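Read the single chain below, which is given as structure tokens and is the form predicted on its own.
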């Protein structure tokens, strides 16, 4: 079988990327790696660089959100299909955009507010959300700069730090009611519109993130209305996501709420507890897209901006 022309956008090769490259190799596919730090793309109609010759699909695994969005937008303009599309990465990488799309689709999420000044944020906390609440950076990952605000004194201190020390992304104050979850949350993996696996992430700390030491075990994928599988798939559709990880939390009444949707899923700690070949399923989806697209189509047909609305 002839190798399918797939390029791999990644400046770093983490354990996930190694597993994906091994899955491509097992399928006899030679993947061309693109490091965005060494990639120059034309914005003036000039011919694309030679490393894009014959490429039908770019599999995005970049950890640099801003660079990835810009690179994918230009690549799509050159007629190259991207997984995920730029519009999906933009929607998932910004919590404000994610929440707006979830709300538009009627997806349940914790009570969430967006403020643009310390004064208004404090009013929202005092009058609407109450304490404890959580302040999250609009753009960020791995639980970094997520702060639990137990009372007004804590809120004043943290908000002052963001105002003085933060960059422009910290001027949008993303606030959520604190959910008293049962020592765990859920991460569900959606590939091609189907929830293929899910895990519980358990921790004594209120931030249940594997990057912060949370333990993992298999979570049943319940496909009934409102179950993990159904809600994760609906959240993925809300952002146009093709391959995403959806983070959910159980509220005190047992109902599920969506916290966020991740466009570049981390899965190395989820393969063993779920027994699901996540890298293999990811690669099979990308290869199916590439076979549908084909290198000839990629060179002559301009690509649209991607799923969803930027």
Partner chain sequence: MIACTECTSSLDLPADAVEGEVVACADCGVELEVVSTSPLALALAPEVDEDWGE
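Fair warning: this is a prediction, and the values are worked out from it, not measured in the lab. Numbering follows the first chain given and starts at 1.
Beyond the structure shown, there is the form predicted in complex with the partner chain, which is absent from this document and is the topic of what follows.
- Interface residue remark: residue 167 is counted as part of the site for the partner chain in the predicted complex, having a heavy atom within 4.5 Å.
- The partner chain is not shown here, but in the predicted complex it comes within 4.5 Å of a heavy atom of residue 22.
- Within this chain, residue 248 is remote from the site of the partner chain in the predicted complex, having no heavy atom within 4.5 Å.
- Although the partner is absent from this view, residue 265 contacts the partner chain in the predicted complex, with a non-hydrogen atom inside 4.5 angstroms.
- This chain is displayed without the partner chain, yet in the predicted complex the stretch 62 to 70 from 49 to 57, 249 to 257, 271 to 279, 62 to 70 comes within 4.5 Å of it by heavy atoms.
- For the options 100, 74, 179, 139, the one in contact with the partner chain in the predicted complex, meaning a heavy atom within 4.5 Å, is 139.
- A heavy atom within 4.5 Å of the partner chain in the predicted complex is found for one listed residue only; from 171, 123, 144, 152, this is 144.
- Contact annotation for the candidate site: 12, 18 and 187 all lie close to the partner chain in the predicted complex (heavy atom within 4.5 Å).
- Shown here without the partner chain, the chain has no residue in 279 to 293 lying with a heavy atom within 4.5 Å of that partner in the predicted complex.
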